[in-house]
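Below you'll find only one chain, the form predicted on its own, shown as structure tokens.
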Amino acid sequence: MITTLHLGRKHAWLMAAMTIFIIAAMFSIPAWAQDEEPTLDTGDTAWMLTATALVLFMTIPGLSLFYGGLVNRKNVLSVLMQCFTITALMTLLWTIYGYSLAFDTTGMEKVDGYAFAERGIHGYVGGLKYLFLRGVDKDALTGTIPESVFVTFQMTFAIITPALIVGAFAERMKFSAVLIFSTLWFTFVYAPICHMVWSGDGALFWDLGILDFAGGTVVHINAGAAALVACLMVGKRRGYPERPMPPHNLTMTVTGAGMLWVGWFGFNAGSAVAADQNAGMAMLVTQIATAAATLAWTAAEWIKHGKPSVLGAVTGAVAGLVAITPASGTVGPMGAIVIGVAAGFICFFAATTLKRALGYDDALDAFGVHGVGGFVGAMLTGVFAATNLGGFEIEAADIGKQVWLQFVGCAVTFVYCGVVSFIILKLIDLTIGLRVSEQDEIEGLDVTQHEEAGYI
């Protein structure tokens, strides 16, 4: 009996010690979680290195070849030169101050609702904490990837966006004007819009709840608005629209379009900034929407003109890629089909009927595809992000509210970009001039701007 009592006491002490340990552990676990530092994930890092290369591949060579094949053969090198040089220029500007203006969140405070006046300057543009990438050392992390990789990934978006605008004023803008415009536009338009959409709590679009997973507003509506303003201010190409201006090399254009399609997986799936289920779904819906838009544009062209064209097919594919971009992280496969079909038909109308009716010379349909396609995708994101329609972000009851928010994001981006782009272009026109002379345009920009010829 004494032995039994002794064992009972030993068990009692053991049970008491275990209880105290469990209680202490329960209270200490949250503290451990709060203090835990982000750790590097090699899988995420490997995917983001790949995605970054894919997005750069979209501009050089993808966009360069796509645009280069569409212009007259006497201007092909000028377009390739513009895309290539913009790549180099944006790389340095992003390094010096662009990343800081876009992603420095110092001083940001969250403001609920639409209190534009109450929001400090850092709700609209970042500071200078990362000037010359100060603080971005080898061991710095953004989430689970090196910050150096995140910087480079976002740099590729800053590269392709101004390069897209080239399509609107191709074959007639001075090379010097292109470089000055790209620099000022990147500084006063791209960086602030990027900050407002993607920098996190305290930034305007982010706080409002506007959905833009991979760049519907930041890249496509932004570039599309600038493209429309630019082609209006530079004026029509000599002989347009009376004189036919067919592409000089559709094989080059189709090759570039194929590169854009493949590279876009880095654009959309890479925007998950992780090798996870979000990246997987973004890749799937990107493929589906692009296929749907290709067939929709082909069908529209077949119905209207009696025959489908390869130029229409590849342009439809790009329209689908554009439209699914803002939605790629929040919609499912069925939503992707609807977005792709809508983009194919609506962008076909914008690039043909609307352009001819209004008489503007958007040479390579930068506005008709990117501006209009970006708007279609951004608006339909507000519908198909609903869980009852296969999406992953909002409830059915919130569709109306989300569509309104998407419209606010599109409108603010378009108006802000349009006004600032006009001011920049006007200043350039009043100083060095925007357009080459009539004789230079006749002779071709390859020779007059670069003293080279891209053909024999």
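We number the residues from 1 along the sequence you see. Remember, predicted model here, so these are calculated numbers, not experimental data.
From this point on, the text means the form predicted together with another copy of the chain, which you will not see here.
Chemist: Select, from the options 191-199, 223-231, 133-141, 375-383, the stretch whose residues sit within 4.5 angstroms of another copy of the chain in the predicted complex by heavy atom distance.
Modeler: This holds for exactly one stretch, 133-141.
Chemist: Is the gap between G43 and another copy of the chain in the predicted complex 4.5 Å or less for some heavy atom pair?
Modeler: Close contact exists here: in the predicted complex, G43 approaches another copy of the chain to within 4.5 Å, heavy atoms only.
Chemist: Could you tell me if L128 has a non-hydrogen atom within 4.5 Å of another copy of the chain in the predicted complex?
Modeler: Residue-level check for L128: no, no contact with another copy of the chain.
Chemist: When the contact criterion is heavy atoms within 4.5 Å, does T294 count as touching another copy of the chain in the predicted complex?
Modeler: Because a heavy atom of T294 falls inside 4.5 Å of another copy of the chain in the predicted complex, the answer is yes.
Chemist: Looking in the predicted complex, any heavy atom of P162 within 4.5 Å of another copy of the chain?
Modeler: Contact check for P162: no, nothing within 4.5 Å of another copy of the chain in the predicted complex.
Chemist: Heavy atoms within 4.5 Å of another copy of the chain in the predicted complex is the criterion; list the residues of 64-102 that meet it.
Modeler: Heavy-atom contacts within 4.5 Å come from L65, R73, V76, L77, L80, M81, F84, T85, T87, A88, L89, T91, L92, T95.
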